[in-house]
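The chain below stands alone, shown as structure tokens; this is the form predicted on its own.
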């Protein structure tokens, strides 16, 4: 080969190797088919991993069901693909995950589980124009930052905390209360809403104590509460704390009733609290699953594949389906094109009829109060305007 042709031949070989090594970009379309990435961020490790896995399973089930329909959007057959990340219920990790989703060019995000991760991540999604639907973050701030990309499919803590504050006064008959929270945006926000509503209903708040979402020993705080003799103890936080806390309340001989929000209203609480949990109250957004529009069918479908539902799996399922419904109506999976349709959603889901107000909050949400009886959460009453 003439020496002067060698560089040209090497260049052609290199170009051929690069071309052979190419991979399709995220959300790419080839041969009339398109892969659409949907991100999901939850704590998959640590004390809340059981809730994170529950959320992931609800999201995954929806994506599998959507793919089984063989959808065509924008003239191309669509395959939805779940991109799941562990945010460890940590705000800093949550923002790292959010930026990773942006870099991967996901078409939308389901999550995050916790308010503490959802709120800081929401700014990143907003700046990138990526729609985000939370199935479980209840702090009001999330949807009140002015971000047009932020939505949620469950009631927020203004409603949940308010309903619980009024409930302990009118239905449980509490005259005095001690309040505790885990100092997270979820736990503290819910506790503050409860305290405000309880006070307005005539309940005297004797003390408001703080712990954190890693603690397991509450003896000092509970000893202080015991001396004040409250009728009821409210805890804003997750089951990893409220379960052991319930045991310690009873071991100290505190006769007060106990109530917590959705973070403790799980099957895991039953395991952690044991028989000490008997008589405890909790709340969950929405109707009991057997009274949800398609709750019974979803429960059978989910149980067959993943076992018992912890808390939010039905809401994860609905969040995915609402997002995909908006894509279908827009005939596009491009965030900027389907986002206006998402805001106009009018969707009959598993959990409820889903439409959003101007902030991105669910319209017409309800809260259900449960009590632990004979080792099972029993629905007592659904509060709020029905959808």
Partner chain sequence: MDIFLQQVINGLVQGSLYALVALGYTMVYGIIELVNFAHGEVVMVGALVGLSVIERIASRGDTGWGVIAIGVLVAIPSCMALGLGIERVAYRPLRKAPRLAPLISAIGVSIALQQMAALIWGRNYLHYPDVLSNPQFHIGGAVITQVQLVILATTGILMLLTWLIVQKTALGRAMRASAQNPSVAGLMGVNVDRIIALTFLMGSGLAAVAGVLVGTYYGVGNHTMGFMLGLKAFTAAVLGGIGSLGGAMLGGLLLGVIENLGAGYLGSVTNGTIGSNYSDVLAFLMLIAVLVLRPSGLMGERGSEKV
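The model shown is predicted, which means the values in this text are computed figures rather than measured ones. Residue numbers count along the first chain shown, from 1.
From this point on, the text means the form predicted in complex with the partner chain, which you will not see here.
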{"item": "Interface residue in the model of the complex among 339, 61, 37, 44, criterion: non-hydrogen atom within 4.5 angstroms of the partner chain", "value": "44"}
{"item": "Proximity to the partner chain in the model of the complex, single hit among 250, 294, 76, 257 (heavy atom within 4.5 Å)", "value": "250"}
{"item": "Heavy atom of each of 49, 216 and 240 within 4.5 Å of the partner chain in the model of the complex", "value": "yes"}
{"item": "Options 207-215, 296-304, 283-291, 168-176; stretch whose heavy atom lies within 4.5 Å of the partner chain in the model of the complex", "value": "207-215"}
{"item": "Contact test in the model of the complex: residue 329 vs the partner chain, heavy atoms, 4.5 Å", "value": "no"}
{"item": "Contact of residue 195 with the partner chain in the model of the complex (heavy atom, 4.5 Å)", "value": "no"}
{"item": "Touches the partner chain in the model of the complex: residue 224 (any heavy atom, 4.5 Å)", "value": "yes"}
{"item": "Partner contact for residue 220 in the model of the complex: the partner chain, 4.5 angstroms, heavy atom", "value": "yes"}
{"item": "Within 4.5 Å of the partner chain in the model of the complex: residues from 84-103 (heavy atom criterion)", "value": "none"}
